[in-house]
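In the form predicted alone, a lone chain appears below as C-alpha cells.
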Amino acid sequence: MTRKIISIMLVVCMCAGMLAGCGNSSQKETAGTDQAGEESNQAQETGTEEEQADAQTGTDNAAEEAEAVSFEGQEMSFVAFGGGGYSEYWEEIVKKFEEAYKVTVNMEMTPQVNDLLQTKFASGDVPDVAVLTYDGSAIANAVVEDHALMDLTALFEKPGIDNEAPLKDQMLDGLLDSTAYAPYGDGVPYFAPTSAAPNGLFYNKTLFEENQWEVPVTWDDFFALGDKAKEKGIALFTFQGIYPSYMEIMIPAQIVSALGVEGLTDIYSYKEGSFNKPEIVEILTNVQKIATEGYLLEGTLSMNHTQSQSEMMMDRALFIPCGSYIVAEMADAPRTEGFSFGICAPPVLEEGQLPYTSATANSLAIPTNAKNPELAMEFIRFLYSDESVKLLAEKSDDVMALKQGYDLASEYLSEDMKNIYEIYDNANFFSVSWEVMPSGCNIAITNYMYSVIADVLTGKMSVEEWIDGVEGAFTEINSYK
C-alpha cells in the first residue's frame, strides 16, 4: 500500500507519549572513517598532488567527526514503558545502541511508567531520558508546569543517521509545533515524538464485507447502519464504559469536522463560550441518542477496555473507539472466524464536512537535571534510524512518526496494522492535548468532559447540563490566569 501522508493539523493540547531519536552511530562513523582512510591511502599512492591533499583532508575530517561524537565508556539511565509489544523492542534497540556507541544504558522498564517517574521526580533521582507522554497524567502535567524538561530544539536541528536532513524536517508535518510536543504554545519541543498511531472507530472489516455494508460517513449514515445491525441482533456501538475518557477519540474529531481546528483550539484553551455552540449541542445530542434510542450494547457502562473490545471482536457491537494499540492489546482475545480489524473516522454532522481522526502520539523526554543529557539526546536521535524504525515495526507492530516511517515499516507490519494505517487515505489527521493549567489550578477538566458520560447516556444528566458543567470549569480555570 502506498501511504498518503496528510499534513497533521495538531491543535492545542491532548494525550500523547513513547519513543524517539536520530543520529549517526559511532559504529557507522567509525566505518566511515575507515573507508575514508582506505580511499585516502589509494589517493596518496596513485593520485595527483592535489588529490592526495584532498584525500588527507577527508581522512582528517572523518576522524574529527567520529571523535567529536564519541561517547565511549559513558553511562545513561532510561525509564521505558514495558507492555503493548514494546518490551522486546526496547531491549533490542538499547542493546544495539550500547554496541554501536560502546556505552552502558541502565534501563528500568515497567507498564506503570508514570508511577515510577512520579517517584523519581519526587526524590530528585531523575533518569537521563524517559518514555513520557503529555497526556493529562499527573506526572506529565507536573513536569510541564515546573518546567522540569529540557528544550529539545538542538536535537531536532541535527541530521539523521540515514538521512542528512535535519530531524525536524523528517518528522510528520506539524507534529513538533503542536502543543502535544511543544506544550507552552511557542513551538519549542520538549517531547520527542516516536509513534503517532491512528485512533478511530474500530470494526470487523470481514463482517462489513459479508453484509455489503458501507462505512458510515455522517451521523445519519451511522444510525441507518445501526438499524440494519439491529435486525441481525448486533448493537451499533460500545465503548470502554468504566474508562469514559476513551470517548476523547470520538468527540473532538467531530468538533474539528464541524468547527475547524480553531474551534477545537478554543475549547482546549478553556475559552469561555467555546463549548456552547449549536454544532456541539448537536454532536453531544447524537452521542446521547446512541443510548436513548437503543444503539448502545447492553452492559457497556460496566465494562472495562478489554471486555468491551472483546464484544466488538465477537460481533456483538459494530464499533468501538480505540487506538491502533488494540491489535497488540487484544492479540490473544477470542474473535469471530475471519475477523479483520478495520478503522474509520467518527461520523460528521453533514455531507461535505471533512472527517478527522486523532492519534495516540507517544514520546520521550529528557529532564532538565539529567546527569548525561548529551548521551540521552544521542539515544533519541538513534531511535529515528532506519534500523530502529524497522525494528519497531517488527517487534511492536508500530510506525515511527517520520515522513518515511510507513514506507520503512510496511513490510514488517501485520495485515491488521496495514489496514489501520489506511485511515490516513480517507481522513485528516490531528492530535490534541489540553493547554497547560494556570498556576494553582487543580481542576481535572476531563472529569467535566468525559467522566459524566455515563450520567448523560442514562438520562441522569441532560446535554445542556453537560455543556454548562464544562463552561463552568472554563470560567473557574480562567479565574487563575
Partner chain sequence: MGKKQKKKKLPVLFIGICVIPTVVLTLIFKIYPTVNTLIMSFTDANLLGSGTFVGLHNYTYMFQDKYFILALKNTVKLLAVVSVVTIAFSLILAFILTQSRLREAGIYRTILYIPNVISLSVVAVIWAFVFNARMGIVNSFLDSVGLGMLKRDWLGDSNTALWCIGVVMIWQAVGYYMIMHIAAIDGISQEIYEAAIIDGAGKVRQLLSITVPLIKNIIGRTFILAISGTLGMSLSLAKVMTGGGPNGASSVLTYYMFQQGMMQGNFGYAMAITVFTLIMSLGLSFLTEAITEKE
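Numbering follows the first chain given and starts at 1. Just so you know, these numbers come straight off a predicted model, no measurement behind them.
One more form of this protein should be noted, the form predicted in complex with the partner chain, which is absent from this view; the next part is about it.
Residue contact check for Gly82: none of its heavy atoms lie within 4.5 Å of the partner chain in the predicted bound form.
Remark: Asp455 counts among the residues lining the partner chain in the predicted bound form, judged by a heavy atom distance of 4.5 Å or less. In the predicted bound form, the partner chain sits within 4.5 Å of a heavy atom belonging to Asn447. Within 4.5 Å of some heavy atom of the partner chain in the predicted bound form lies at least one heavy atom of Thr300. Between the partner chain and the residues Leu349, Val281, Ala154, Ile242, the one pair within 4.5 Å by heavy atoms in the predicted bound form involves Ile242. Checked against the partner chain in the predicted bound form, the candidates Gly136, Pro367, Gly160, Pro355 yield a single residue with a heavy atom inside 4.5 Å, and that residue is Gly136. Partner contact region in the predicted bound form: 290-298, out of 220-228, 178-186, 290-298, 396-404, criterion any non-hydrogen atom within 4.5 Å of the partner chain. Remark: all three candidate residues (Ala142, Ser439 and Asn442) come within 4.5 Å of the partner chain in the predicted bound form, counting heavy atoms only. Counting a residue when any of its non-hydrogen atoms is within 4.5 Å of the partner chain in the predicted bound form, the hits in 466-481 run Glu476, Tyr480.
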